[in-house]
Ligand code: ADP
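As C-alpha cells, one chain now follows by itself in the form predicted alone.
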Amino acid sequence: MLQGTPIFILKEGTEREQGKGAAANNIQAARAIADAVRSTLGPRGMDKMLVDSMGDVTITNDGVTILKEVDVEHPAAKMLVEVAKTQDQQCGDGTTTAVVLAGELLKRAENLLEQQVHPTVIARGYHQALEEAHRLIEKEIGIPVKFDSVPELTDVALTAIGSKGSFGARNKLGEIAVEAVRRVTEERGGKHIADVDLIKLEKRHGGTIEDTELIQGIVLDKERGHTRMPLVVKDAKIALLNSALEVKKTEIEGKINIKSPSQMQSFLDQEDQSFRQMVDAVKASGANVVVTQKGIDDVVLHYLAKSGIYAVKQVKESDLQKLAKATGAKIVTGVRELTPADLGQAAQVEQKKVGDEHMTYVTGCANPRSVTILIRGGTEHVTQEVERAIQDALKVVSSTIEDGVVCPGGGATEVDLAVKLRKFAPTVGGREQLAVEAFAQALEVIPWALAENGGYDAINTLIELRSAHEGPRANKNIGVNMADGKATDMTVLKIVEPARVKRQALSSAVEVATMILRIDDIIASKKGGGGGGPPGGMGGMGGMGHGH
C-alpha cells in the first residue's frame, strides 16, 4: 500500500476465498452431491423425481442420470458429476458408489485437515491405499469367471438390474442382456472383446416389461414408404443409400419460359424419366429392399412399389451403419453407382405393428453380431428406466467377459478392503498412515448406506460384517443381505459385480477427492451484470439433503 491507495489485482466484484474456508466450502458442496444420491444406492434405494426447466419428468435411481439432469452450480460439485459420467462410460454401473465414496473420502479428509494434516499428505496416503486396494481386488478378493459361463454372467447382469429398483421381469431382462452381449463378443489377439455399441436398443411403450424381446437382427422404427409395397420380403437383397432419391433443386434461381403446353409436358416427362432411371438403377442392381438416410420422392416411392421393392426413408445414420455391419451391405452415395456387390443379405425384411406404430424388422442377417433389444413397458417412464437398467447390464456383462473377474457385491468387497487396509496402514508409517485409515473408514459407507436404504440398523449391520471379515474364520464374501439385513455370503446369493466396476469406482473417487482437497484458493470472477455472488449457494440443490 502506497500512501493509503489500495492496489486492485483482481477485478472488482471478484470473490476470493483462501485456505481453510476454501477447502471447507468445496468439501461441503461435494458432500451435498454425494448425500443427494446416497439414498438411491442398492436394490432398496429410493427413486428421485427430476423435473427439468421444460417440465419434463424423469423418475430414476440411476446415479449418473440424476446428476446429469440436475443443474449443478458449484464448481466442486460439478467435479463429482464428472466422476459419475466417467464411471458410466467405463463400466456402466457403480456410478452411485463412486460418488458416495468420493463424498465420504472428503468427509474423512476434513477431520484430518482439522488435525493439521497437510492436504498433500492426505492425497499421498489415499493414493497408497488405492494401490493396495487394487492389489487386493486382483489377488485376494476377485473371483475368476470363464467368459462363456452363462449362469455366472447372468448373475452379474441380475445384480446390475436389481440395483435399479426391483423389476418383476428381472430374470428375463438378465437373460436377454447376456445373450445379446454373447452375440456381439469376438476374439481379437487372444482377448475377448464385447462391443456393446453393436447392440441396438429400441423402446416402445405398451405391453409389459415381460414383452421385452431380443431380436436377432436390426429393428428400424420406420414403416415402409408406400402402402402398396410388400409387407414381407423374403431373401432380401438390401441397398443402403445415404443420398436422397429426389430431383435436386438447384441453388441458382433460373427461369424457364414455357410457351406451349407441349413444352410443359416434355418438361414434366423429363422429371418423370429421371425418377424412372433411379428406380431402374435399383432394379438393375438386383435390390428388393432400399434403405436411405434421406428422403424419397413420392413418385419414386410409387414406381418402387410397382416393382415390388420395399423402401424405408429417413433412417438415422447410426442405424444405417448397424445395418451395413449386420447385412454386409456397403453404404452407397449415388443410386447410379449401385452394383450387386454393394447389396446386403437378410433372410427376411418385414413390417410389424408394435404398440400402435409400425416398425421394420430385418432378421436372419448374414452377420449375427448385430442384435436389437426391443424394450416394452406400461408407460414411457417405465421403458426409460428399463432401458437404463439394460444398458447397465450390457456393460457389466461385457466387462466381465473382457476381464474375467468378479467381486462379491452387497458391500462385501468394501468391508473386506476396509479390514485389510486397516492392517496395512501401520506399514505405511508417517502421517500418511492416518489417511490410509481414513480411506478404510470411508469404504464402510457403502454397506452402511445399503443397510440404511433397506431400512435396517446400519451400526449393527456394520459390526456384524466387520466381525465376519476378521479373525480365523474370516470370509471375504460376506455382505449385506438386502432381504433381511443380515450378514450373508454373497456368492451364495449370487450377488456379484465386475472387478472393473469396483476398481474404477475407487480410482475415480480418489482422483476427485484428492483434486478437491488440493484446492486452497477459490477465485470466482464476477458474473455478467449482477454483483457477482460467491460460488457458495448450491444452485438449486438446497433442499436435497432432506426429505429422503
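Residue numbers here begin at 1 and follow the sequence given. Owing to the predicted nature of the structure, the values given are computational and were not obtained by experimental measurement.
Only in words, not in the display: the form predicted together with the ligand, which the text now covers.
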Looking at Ile495, Val512, Ile27, Leu67 here, can you tell me which has any non-hydrogen atom within 4.5 angstroms of the ligand in the model of the complex? Ile495
Heavy atom within 4.5 Å of the ligand in the model of the complex - residue from Ala499, Ala487, Ala36, Leu41: Leu41
Determine which one of 221-229, 94-102, 467-475, 74-82 lies within 4.5 Å of the ligand in the model of the complex, judging by heavy atom distances; exactly one does. 94-102
Can Met482 be called a contact residue for the ligand in the model of the complex at 4.5 Å between heavy atoms? yes
Thr400, heavy atom within 4.5 angstroms of the ligand in the model of the complex: no
Is Val415 part of the interface with the ligand in the model of the complex - any heavy atom within 4.5 Å? no
Against the ligand in the model of the complex, would Ile446 count as a contact residue? Criterion: heavy atoms within 4.5 Å. yes
With the partner left out here, which residues of 378-397 have a non-hydrogen atom within 4.5 Å of the ligand in the model of the complex? none
